[in-house]
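The chain that follows stands alone, in the form predicted alone, written as structure tokens.
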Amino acid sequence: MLYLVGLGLADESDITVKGLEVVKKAARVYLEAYTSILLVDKEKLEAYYGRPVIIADREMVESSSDEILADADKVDVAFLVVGDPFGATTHTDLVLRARELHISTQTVPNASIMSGIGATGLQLYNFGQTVSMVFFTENWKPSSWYDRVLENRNIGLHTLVLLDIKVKEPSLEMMARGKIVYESPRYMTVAQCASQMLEIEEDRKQGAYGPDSLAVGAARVGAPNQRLAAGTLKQLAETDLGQPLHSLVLLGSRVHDLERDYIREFAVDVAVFDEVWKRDYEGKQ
């Protein structure tokens, strides 16, 4: 059996009882380590699980899945995923490859950022399409996500923005020299995301949002040191929420008073928050 086991959002203890039972009996245990990260290192997982953990990077999962699936028709293999197993399409692909080899699969779900973002106090059924924000480069600033944000805005829904992480990324400069050297890991911050969003709005000018649009930045959701910040995109572009992982929610127009009261507690500047709320939201819910 191939087990896809969700680990939850924060640390080694977020795994479910069912998931831990799978890990303890599996012949091999892999940790997918590129679509997201836990806030603890591999050694802490191994100490808690009592099992060695094999890091599965992007190359292994996407190009060498046979190694993961080897003998999984005869023994149990656990594939650990931060959050929920099906939070990334890569894992759907792994299951399809297992089916082709007539390997049975089973999923052990867990909390993901898609549900964990409810910690902001924003109601999950008021969310529209989720989008991803990648690190911009000088020559590459993709903005296809902007259309999804605009669609959400037109029907009044919040937009969850998932922020880019770069783990074990090869250096393009060194590749050009014929060498494979990996860059240091990078994790996008709420401030970087807000800045990039404002840059694209300045270019597109379709009014999906603006510098004074309200948003909520979230850092380390589910961890003891979780931090939230509510404010305008301009404010969030200048707000430091500390260590990764970060996410951002752009508020839609369907904001209930209970949502307002909850996020107001995390306002970067309460006076500015109240002013923007009165101007853009009061009486329009």
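From a predicted model like this one, the values you see are computed outputs, not experimental measurements. The numbering used is simple: start at 1 and walk along the sequence shown.
Below, we turn to the form predicted together with a further copy of the same chain, even though it does not appear here.
Proximity to a further copy of the same chain in the model of the complex holds for none of 65, 68 and 72, with the criterion being a heavy atom within 4.5 Å. Interface residue among 141, 166, 148, 204, judged by heavy atoms within 4.5 Å of a further copy of the same chain in the model of the complex: 148.
Proximity to a further copy of the same chain in the model of the complex, taken as a non-hydrogen atom within 4.5 angstroms, holds for one residue of 199, 212, 183, 93, which is 93.
Contact annotation for residue 119: at least one heavy atom lies within 4.5 Å of a further copy of the same chain in the model of the complex.
Heavy atoms of residue 271 never reach within 4.5 Å of a further copy of the same chain in the model of the complex, leaving it off the interface. At a distance threshold of 4.5 angstroms between non-hydrogen atoms, residue 11 is in contact with a further copy of the same chain in the model of the complex. a further copy of the same chain is not shown here, but in the model of the complex it comes within 4.5 Å of a heavy atom of residue 222.
Only one segment in the set 204-212, 73-81, 129-137, 184-192 has residues whose heavy atoms sit within 4.5 Å of a further copy of the same chain in the model of the complex; it is 129-137.
Contacts to a further copy of the same chain in the model of the complex (heavy atom within 4.5 Å) from stretch 110-124: 110, 111, 112, 114, 115, 118, 119, 121, 123, 124.
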